[in-house]
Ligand code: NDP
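To begin, one chain is listed below as structure tokens, in the form predicted alone.
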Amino acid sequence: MTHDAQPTASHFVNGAYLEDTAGAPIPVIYPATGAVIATVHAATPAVIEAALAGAVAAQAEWAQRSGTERGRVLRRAADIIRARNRELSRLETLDTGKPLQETLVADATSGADALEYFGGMAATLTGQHIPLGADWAYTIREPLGVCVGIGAWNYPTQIACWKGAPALACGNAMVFKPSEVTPLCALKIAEILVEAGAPAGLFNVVQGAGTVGGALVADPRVAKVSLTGSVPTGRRVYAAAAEGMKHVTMELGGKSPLLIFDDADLDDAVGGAILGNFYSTGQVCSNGTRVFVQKGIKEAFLARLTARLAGARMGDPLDEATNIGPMASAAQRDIVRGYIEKGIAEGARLVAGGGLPEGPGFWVEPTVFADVTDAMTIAREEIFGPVMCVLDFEDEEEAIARANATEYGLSAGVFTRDISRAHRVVARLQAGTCFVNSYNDAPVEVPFGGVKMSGVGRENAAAAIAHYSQLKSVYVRMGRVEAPF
């Protein structure tokens, strides 16, 4: 790694790296080996104050720029990210443990996509003219002010950009708190935005756990909170934001269903199930972890899946031949281990994996359970690891009813060659993001988000603009005002 690829301090505030060692130390652990590769410090009240005050000042200046000017900065940042994709991907691999094979194509690049997309959209954000006979009205699309972004540890770079890009395009500032498990990559995004021409203080990054997030969410200068995380965290943050009537976007967890009908292309269906369970070592909120396979093809599906699992390569994440990395943390590995033990204890059939390789790092083998029933713990709770549950079903009605029998509603997928069935089933699935003969695609052009306990609001696409701006209505009377007295 080039020397300048590693961030040089814990926080990025007001256009520069900032250190305050009075904050509690947070070790940054490389998940493949367990080695401590850096130490950051949690934000002190002084750091939080500097970040918020800087964001307020920068936002006022930024909002005065035209949308075209704002967009130019975001697009320039996208270009810089693409030019440095390899070093940013390497840092992402050190931060998360995800294989370089994956980070090179899925992480910094998707962050650049978001900055490019919303950079292109910034100049188009206009209000509306509403004719009312002789009178008329118009709307103005205004920024909210200072937004707080709270990230998760599975896609640190992408989440920083998915939140930052629409926020900045609309004229807001952002204070972003990465997960304490993966604190490094967001700092580079902040650094690149300043290099691209963003005013100092517009996008600040501060480190810390829940107490730092809580201080940001509670601050009266903050207008909006966008969280990616678990449902329990979402409940707490949503409640705290409600105290101040703040705008929120909540991107939470799921236990998403993937329905595979007996007329599906078997290889494509297996591929979709692999992407929906083992990509990022299963650490994806939208994963289709309840794989419902129609009875007639169940054994054929399991046989093909088992054969293809032979292609899973666990090993050094910095080796581009590796396609399965470790879990992001020891804590998450232990959670997954517990679920594997529960699956076995509750009578699911272990078809593949289930082991935790010996040695350093936080490794879990890609694991497949068959003969899973809806009542089993592994079929009800989000595992967030490489554990696939295969359930069998008889017919379409049964599959839909069981797919929907969950408090979650983030994603859902259908594999079938019957195009009518595909759209009929998707229309009835209670999920915000659905896939037909595919799984887990997340282009920035398409809205992403959930229903039920999986969240509120949408990220990406034009839909995100509504969540990072507000409308002012102006009524214009062209004639005399008539009043009763």
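Not measured: the values here are computed from a predicted model. Residue numbers run from 1 along the displayed sequence.
Beyond the structure shown, there is the form predicted in complex with this ligand, which is absent from this document and is the topic of what follows.
Between this ligand and the residues 306, 109, 233, 373, the one pair within 4.5 Å by heavy atoms in the predicted complex involves 233.
Taking 179, 406, 294, 323 one by one, only a single residue has any non-hydrogen atom within 4.5 Å of this ligand in the predicted complex, and it is 179. Judged against this ligand in the predicted complex with a 4.5 angstroms heavy atom cut-off, the residues 150, 251 and 254 are in contact without exception. At the 4.5 Å threshold, heavy atoms of residue 213 reach this ligand in the predicted complex. By the criterion of a heavy atom within 4.5 Å, residue 392 is excluded from the residues contacting this ligand in the predicted complex. In the predicted complex, residue 318 stays away from this ligand, with no heavy atom inside 4.5 Å. Within 4.5 Å of any heavy atom of this ligand in the predicted complex lies no heavy atom of residue 101. Residue heavy atoms within 4.5 Å of this ligand in the predicted complex occur in exactly one stretch of 152-160, 398-406, 86-94, 257-265, and that stretch is 152-160. The partner is not shown here, but in the predicted complex the stretch 190-208 reaches within 4.5 angstroms of this ligand through a heavy atom at 208 alone.
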